[in-house]
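In the block that follows, a single chain appears as structure tokens, in the form predicted alone.
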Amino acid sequence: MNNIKKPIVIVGSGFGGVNAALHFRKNNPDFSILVIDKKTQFEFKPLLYEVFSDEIKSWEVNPSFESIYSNSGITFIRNYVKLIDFDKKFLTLEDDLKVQFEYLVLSTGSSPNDFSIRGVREYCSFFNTNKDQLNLKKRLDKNIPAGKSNKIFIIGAGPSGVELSCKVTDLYKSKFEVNIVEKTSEILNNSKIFNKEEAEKTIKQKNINLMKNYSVFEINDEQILLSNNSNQIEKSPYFEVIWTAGIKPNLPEFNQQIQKINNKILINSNLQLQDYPNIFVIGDISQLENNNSNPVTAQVAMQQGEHVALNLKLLINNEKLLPFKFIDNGEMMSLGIGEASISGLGLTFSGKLAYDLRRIIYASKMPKIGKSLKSTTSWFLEKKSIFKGIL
């Protein structure tokens, strides 16, 4: 049996895990760091919509972990963690490889939540990975068979549902009737007021049908069944149903009982497990104590990753750890091809300028941004007249 002994282990290499690894390595070059993820590429999810609409190439937003961690002194293993033993300080991986650790960071992210609704897994498309967007594009590029409905139902009017509906409408013009299904009376319930207003205007301008106060009852191979406020079931044929209605944390199995809230791991303000101070939990799988909650966004995960790197160093040096405080730097939202809305740091604006700034800001957040930044710089120079007198 192979064994890797006592590195700092980071499980999951999304926004939180990547930032934890790179920031800790930068300030602590002598420590052994091991990153484990079942995927081979980083997923910069906020820009998947632009990859879908061919405004950005996939290589710009999906760098391989090999390229991210190359020449950094960080070891990357592609594998899946089956079991974690906190007391004995080891992980069991999918091929029965045992990995020992002294300090552990869990950042395993989330996946779509079907809420056990019949037919979602069998008949819906998803939009959570680069593979998802490729599969969706292939399906929507097909001709609509004679007698087949041209209706697309996008389930969930959160940021993902709204952004995707705008891209689909712009990309396919009048080919489809686009419907957004939202179980509440509002879209973008947790978004900034300005972005919500801009999204509502855009949805109306693009003639996207917004179905508020509807929930999905069932989906079969021919129809989607929706329940309204009066619990009446309405049936409709469809060409495609796209599920963006929620996420659930991806949790490995543990040997020990740990506290959870809504299936998220309960942590203290320092981002540690209460009974295991050598273990940190960040991102979509974590829930701060006292019911303090942060948005489930890349921005939060990135800040937590950087903060964990700091607290790890303090813990190793037997110094007092610092509580995590989320700094809200604002919100950016794509609203169609070449259009976006930005609200943050005292600024609110939308349109093409917002789209251009959004792309530049996101490019700067890419881990190991070399190629992506070169591509964005070239694109930026082509559009420099737009920024004249502004930047």
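No experiment lies behind these values; they were computed from the predicted model shown. All residue numbers refer to positions in the sequence shown, first residue = 1.
One more form of this protein exists, namely the form predicted together with a small molecule; it is left out here, but the text below deals with it.
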Please determine whether residue 46 contacts the small molecule in the predicted complex, using a 4.5 Å cut-off between heavy atoms. yes
4.5 Å heavy atom contact, residue 109 and the small molecule in the predicted complex: yes
Give a yes/no on whether residue 60 approaches the small molecule to within 4.5 Å in the predicted complex, heavy atoms considered. no
Is there a heavy atom of residue 365 no more than 4.5 Å from a heavy atom of the small molecule in the predicted complex? no
Heavy atom within 4.5 Å of the small molecule in the predicted complex - the one residue of 202, 125, 297, 268 that qualifies: 297
Contacting member of 225, 258, 81, 117, with respect to the small molecule in the predicted complex [4.5 Å, heavy atom]: 81
Specify the contacting stretch among 309 to 317, 279 to 287, 95 to 103, 234 to 242, defined as having any heavy atom within 4.5 Å of the small molecule in the predicted complex. 279 to 287
